[in-house]
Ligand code: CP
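Presented below, as structure tokens, is a lone chain in the form predicted alone.
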């Protein structure tokens, strides 16, 4: 069976640890030599396209980025037939989509691994990059606390599950009505996450090693923007809030950021900010994951 990655808990803790190790391998083996990788984009992205294309190239492969109008998943052709077709040519299918159901449908028909490059439910590659950034900073996951301030979105969901898998405490602060669903919370607690939710950002951030946030209105939520700006008033990660975190704390954000909304410019540009290391780690973590699955396949 192909090694699909649709959510971060498709990987075990030991596999994640191995991917983190492989992310730092210099001169990695060319496990994708003479192989193609199809990268389907329903949603545009700066970091996802560049990190995935470069990770594939660094492993000897040839990435082909496909725009939504070139395929028309669910309109010109079903997701299953797209997957069957692309599997004829490519060793890997990556998909950055609106609905998580699309990556599920691709994975049921593909004979090549399908990698979720983002869906409305999850963002596993971002979670791997986040874990790599935390590991590089602290050298351990044990005893670490991640505090997420903002909407309980796809990024937060995958990060919370990833934290649970690796033994990191996860806290979230969000306004009323913007928390995890019951099923999401069940998935988070199901991997053993030490989890807490509050509507008080100060409570969540106090003593945390990592303070993390994301935009309040994601792509596809533009019509909700004004309401969200009002609802999230008081949830900006500014200097006053960040000062409540631990002495060794760092700030993280999956980008792009909206300075003055979810985070102040002073925190973004501070010496504690690791946003650019985190962005670079999107490439290293993706390469580590691909090396993990294709090295295993070639053994």
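Positions refer to the first chain, counted from 1. These numbers come from a predicted model, not from an experiment.
Omitted here: the form predicted in complex with the named molecule. The next part is about that form.
In the predicted complex, the named molecule stays beyond 4.5 Å of every heavy atom belonging to residue 266. Under a 4.5 angstroms non-hydrogen atom cutoff, the named molecule in the predicted complex has residue 45 among its neighbouring residues.
Interface membership of residue 244, defined by any non-hydrogen atom within 4.5 Å of the named molecule in the predicted complex, is ruled out.
The named molecule in the predicted complex comes within 4.5 Å of a heavy atom belonging to residue 256. Contact annotation: the named molecule lies within 4.5 Å of heavy atoms from the stretch 122-130 in the predicted complex, the single such stretch among 139-147, 122-130, 225-233, 188-196.
Note on contacts: among 171, 96, 174, 90, the single residue with a heavy atom within 4.5 Å of the named molecule in the predicted complex is 96.
In the predicted complex, no residue of 141-174 lies within 4.5 Å of the named molecule by any heavy atom.
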